[in-house]
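Next up is one chain by itself, shown in structure tokens, the form predicted alone.
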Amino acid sequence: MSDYCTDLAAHGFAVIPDLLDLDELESLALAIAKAGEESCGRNRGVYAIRNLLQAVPSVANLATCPGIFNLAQHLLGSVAAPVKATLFDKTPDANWLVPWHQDLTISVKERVDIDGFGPWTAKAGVLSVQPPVSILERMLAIRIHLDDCEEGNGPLRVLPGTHRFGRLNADKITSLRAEIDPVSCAVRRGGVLLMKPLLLHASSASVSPSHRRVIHIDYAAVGLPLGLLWSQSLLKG
């Protein structure tokens, strides 16, 4: 465990192989496929589900199971809890690249205008806002891989250490890209990638016909102020 803590603190990410077994992976894949069929029709592919904690009880159970939950609490502190989960998949039918960016927004239930929070956005019925950096610094993403994620199917690429520089503007991102060599985060099926939200990351389009399904769970070790509530949260306000 200490190696993962050291890597996360120094580099902003760490890979833990073989955290989930085959039976767990198959159960999750079936539950997600069923949720997708119910939401968009049996003959349409499912490439992203944004409200996984509510849509798929198995994912909520996963997010609070000892193996994952204790890991999050060990890394963030005993008050850490899941606040959002999203499914991402890449196939030839749903393929995209993601430019270099930080994860700067959180999803909330309703708008409350508070100093330090903004701008606000809404996408697919989900309301999001940029919180102060102090909140993002107390968050962690745990990305659970249901399939092998290798160079051919769009693995996450990261710029190590960039989580330490706070919120970055476009000029600073360009400067850091010139200074730091990117690292591709290849993760085998059943492994997890730990990542700090402020870490600069990107991904290429997939050139593989296979799935690249990732369950991305955000944990927070801090509540939100003045009546602002996490949208999916298993953590109160």
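One-based numbering along the sequence shown. Predicted, not measured: the structure shown is a model, and the values here were computed from it.
The form predicted together with a small molecule is left out here; the points below concern that form.
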### Task
Among 75-83, 101-109, 158-166, 115-123, mark the stretch whose residues have heavy atoms within 4.5 Å of the small molecule in the model of the complex.
101-109
### Query
According to a 4.5 angstroms non-hydrogen atom cut-off, is Ser203 in contact with the small molecule in the model of the complex?
yes
### Message
Even though the partner isn't displayed, in the model of the complex is His11 close enough to the small molecule, meaning a heavy atom within 4.5 Å?
### Response
no
### Task
Although the small molecule is absent from this view, report whether Pro131 comes within 4.5 Å of it in the model of the complex, heavy atoms only.
no
